[in-house]
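What follows is one chain in structure tokens, specifically the form predicted on its own.
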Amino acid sequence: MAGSFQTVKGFRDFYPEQMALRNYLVDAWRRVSIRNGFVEYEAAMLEYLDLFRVKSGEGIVSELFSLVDRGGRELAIAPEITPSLARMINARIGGLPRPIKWFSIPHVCRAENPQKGRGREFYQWNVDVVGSDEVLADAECIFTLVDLLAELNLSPADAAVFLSSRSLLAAALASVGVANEKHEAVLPVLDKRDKVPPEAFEEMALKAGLEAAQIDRLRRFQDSTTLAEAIGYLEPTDAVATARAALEEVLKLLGAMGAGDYVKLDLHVVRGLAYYTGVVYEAFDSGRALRALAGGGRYDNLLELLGGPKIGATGFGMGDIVLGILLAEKGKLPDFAERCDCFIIDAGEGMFDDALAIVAELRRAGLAAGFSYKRQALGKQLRAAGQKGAAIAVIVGQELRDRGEVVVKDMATGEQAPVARAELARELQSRPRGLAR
């Protein structure tokens, strides 16, 4: 019976090798966040379903895992953390110094159809700046994303951040004569343009209320390779000028921070969520063969929508699944084979208690020390040390004990020398460490 049970579709077990990858990504996310000045928080896994209804509409219910508790309350497992972030900040808005720079690494769930790069659960790195209307906040979030790519040895030839603007897209719609009340229906269509065949896009655009001439102008606008070219297709309005200035300032700031090589203008990026209000962006592998690595932008209305004040906010999220696939495909992952700093060998009958005492002492000294569960000959224990990836073998024997010594063997070079037993921990701590953590 037990053998018939399997993992729920779209969910993952993390065996040690998968756990090593997850920890590698999480450690990098946390390291990059902290050095960029963000502090960590965590939100509740269960939220009231209405929190997501208010943010995304009734349609969100079919996209998440929801339940009714014994008190009749509608709850949901969080499919993202941004609404929870807004709820938490609203609760203490008067006492938080601004700008609020927070990051989190939640485990979230979505009731989606599993496919390559998308599961029903995943870990997501979220970085947000709340309480600033300055374009500098957008630039700092994008820089933090670029810093992570570089941290993981992904060059601009491997991955890039594609930059756009919801405010410029809205200004473009107004410029070509699309009424404001139609924007909410048209923007999601523009977001799907790269995801469907051209004829399907045109059909969707016409159904959303666009005319053929408007579709043509919007196509040319989105296909522009420079901001100046894109602006040339639009009427010169104040909204266009303001959105253009914000994009130009972000690009300038990122250039000053040395991140310009990673950032490209791409007005095809729309972001499907309705709450974005300004600069938006998505990170992709260079060939765009995979799903988006990350996505985000400015969302100045969300806190107000959830009952708080109108306050500037910007940030992004990055999932672990696509990132892990890209790093594997690019050969950028480290060797996750089991490692230990040293392996203690009892070379003779009656030496095991001495070996265990050394194991305990070295572990207390902060070294990853291993040993064999079986009492075996010296050669077999050395082979076990090699299989564990030990950097050093410590050999304990009767004569050595009588002299107050052990033998320390470098497993890479084969060189060995006696070391005073009392100095062993200090001696090993001074040597280059293995890969154990």
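Start at 1 and count along the sequence shown; that's the residue number. These numbers were taken from a predicted model, which means no experiment stands behind them.
One more form of this protein should be noted, the form predicted in complex with another copy of the chain, which is absent from this view; the next part is about it.
Scanning L306, L290, A246, L333 against another copy of the chain in the predicted bound form with a 4.5 Å heavy atom cut-off leaves one residue, L306. Checked against another copy of the chain in the predicted bound form, the residues D285, D346, E80, E140 give one hit for a heavy atom within 4.5 Å, which is E140.
The candidate spot formed by K9, A43 and D69 is fully in contact with another copy of the chain in the predicted bound form: every one of the three has a heavy atom within 4.5 Å.
With another copy of the chain left out of view, the stretch that reaches within 4.5 Å of it through heavy atoms in the predicted bound form is, among 162 to 170, 325 to 333, 109 to 117, 217 to 225, 109 to 117. Not displayed here, another copy of the chain is approached by G366 to within 4.5 Å at the level of heavy atoms in the predicted bound form. Residue contact check for R403: none of its heavy atoms lie within 4.5 Å of another copy of the chain in the predicted bound form.
A residue is said to contact a partner when one of its heavy atoms sits within 4.5 Å of a partner heavy atom; V39 meets this definition for another copy of the chain in the predicted bound form.
Among heavy atoms of D353, some come within 4.5 Å of another copy of the chain in the predicted bound form. Contacts of stretch 11 to 29 with another copy of the chain in the predicted bound form, defined by any heavy atom lying within 4.5 Å, are made by F11, R12, D13, F14, Y15, P16, E17, Q18, M19, R22, N23, listed in sequence order.
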